[in-house]
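In structure tokens, the next block holds one chain alone, the form predicted on its own.
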């Protein structure tokens, strides 16, 4: 009887694992489509990218706002988890910070259009903004502190200021092809270096 119970538990665990993997695939596909086409991209484009039917997307995310919120949270989590990994594997703390800022810029590009998609529900938007700050400020602080402790960068900038500056540099990048926000962000990160 225990064998049957264990088999059932294993099958249920396997189904949950498959469901999580399918959800991750959908979120990754939606994020990629949002980067190229914005949050108003047709669901059929997301379904094609994920190689699933549109019904599968609607089963997981009944409304566009549900999908946008899930992508946003998924990308915040991925960005938060990347920070410590980059710090552990990067050649220097400053290099890890630069790579993390690149990921943060990618996230900001995906976030474009979020406010419009959620305009009917300010509470959701405010909750997401708080989630964003709670998850990403500590990671950015850890990276800044490590780079400052190594003597690579100046120590008079805090994570909120840096993230806000990067965010401000990214505003309008999608509406003006002559504007290269990523280049300006690279200059900002390079400018953090300690004068020699």
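Think of the rigid core as the biggest set of C-alphas that the two forms share within 1.5 Å after superposition. Residue numbers count along the first chain shown, from 1. Every value quoted in this text rests on a predicted model; they were computed, and no experiment measured them.
Only in words, not in the display: the form predicted together with a further copy of the same chain, which the text now covers.
Note that among 141-149, 163-171, 26-34, 62-70, the stretch whose heavy atoms approach a further copy of the same chain to within 4.5 Å in the predicted complex is 163-171.
Residue 18 falls outside the set of residues with a heavy atom inside 4.5 Å of a further copy of the same chain in the predicted complex. Looking at residue 157, you'd find a heavy atom of it within 4.5 angstroms of a further copy of the same chain in the predicted complex.
Judged against a further copy of the same chain in the predicted complex with a 4.5 angstroms heavy atom cut-off, the residues 106, 108 and 125 are out of contact without exception. Contacts between 175-193 and a further copy of the same chain, taken as any heavy atom within 4.5 Å in the predicted complex, involve 175, 176, 178, 179, 180, 183, 184, 187, 188, 190, 191, 192.
After superposition on the rigid core, the Cα of residue 37 moves by 2 Å or more between this form and the one not shown. In the predicted complex, the separation between the C-alpha atoms of residue 39 and residue 161 shrinks by 3 Å or more relative to the displayed form. Cα of residue 35 to Cα of residue 96: at least 3 Å longer in the predicted complex than in the shown structure.
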